[in-house]
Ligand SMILES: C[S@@+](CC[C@H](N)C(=O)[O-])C[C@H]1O[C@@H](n2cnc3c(N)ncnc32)[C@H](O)[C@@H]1O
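In structure tokens, the next block holds one chain alone, the form predicted alone.
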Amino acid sequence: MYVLETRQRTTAKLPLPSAVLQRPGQASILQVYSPKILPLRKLQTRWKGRIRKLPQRKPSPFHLRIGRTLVITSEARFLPRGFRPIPRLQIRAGPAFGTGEHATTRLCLRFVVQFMRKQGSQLESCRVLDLGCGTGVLGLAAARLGARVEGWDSDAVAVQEAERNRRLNRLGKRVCFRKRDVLRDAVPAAELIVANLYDHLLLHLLPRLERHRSAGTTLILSGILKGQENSIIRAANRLGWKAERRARLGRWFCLQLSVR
């Protein structure tokens, strides 16, 4: 994975994932990410800045335990003894984002599990929409706990990986994954919408969810860097949402929004 860092300021919709880093007393920096260097070279000719390769460590077995409710693991054979009685979700570490190791995914998983606990007898009819599903870990976690889930991603490779993880966990028709664009396709009804994206995508997504706000949908938004959370909250407030909960892990934030 490569990243272009530039002081260019743009409000245009970028074809690649991006984030704006804001540090006190310093000019903001736009980061644009790509698995290939050529698209960033093209942007660099216009915007200047520097391109660097992000370090990637070799994948190793990981286990994420969320209380006694769920264990996310990459390799069940190496599961610690104390984790074995807890409901399990195995996520293959493939080319798509979201195995449970990243801070944004961890934060989302905690919020999703807590939301599912509160559903009680209504859990079987609870509909969850996972926007930008990547490996499908968030949607699959909700499905493992009993919800009905639909996951979207604009990347066909991610959808394939999510489907592979669905089959690996034998979740059948309780969850499905589709290639969809969150900013173009009509967003179906759901009791919970989870979006682990980037701040600029979240800001464009929020205005499209008016009917979901009217219906009382809960939003869990992540992929938000420290310094970006307030702009998301202000935009949500203007549209009639309130920040019910927030959590931070390292430099990443996760927000849970509900109707004001």
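Just so it is clear, the model here is predicted, and its values are computed rather than measured. All residue numbers are counted from 1 along the displayed sequence.
Beyond what is shown, the protein has a form predicted together with the ligand; the following relates to that form.
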Q: Would you point out which of 142-150, 67-75, 166-174, 124-132 contains residues with a non-hydrogen atom within 4.5 Å of the ligand in the predicted bound form?
A: 124-132
Q) Taking the shortest heavy atom distance, is residue 162 within 4.5 Å of the ligand in the predicted bound form? A) no
**Q.** Non-hydrogen atom contact residue 110 with the ligand in the predicted bound form at 4.5 angstroms
**A.** no
Q: Tell me, yes or no, whether residue 182 is in contact with the ligand in the predicted bound form, where a contact means a heavy atom of each within 4.5 Å.
A: yes
Q) Might residue 119 be said to contact the ligand in the predicted bound form, defining contact as any heavy atom within 4.5 Å? A) no
Q) Which pick from 233, 225, 201, 29 sits with a heavy atom within 4.5 Å of the ligand in the predicted bound form? A) 201
Q: Relative to what we see here, could you say if residue 228 and residue 33 have their Cα atoms closer or farther apart in the predicted bound form, with a change of 3 Å or more?
A: farther
Q | in the predicted bound form, whether the C-alpha atoms of residue 33 and residue 155 sit closer or farther than here (change of 3 Å or more) | A | closer
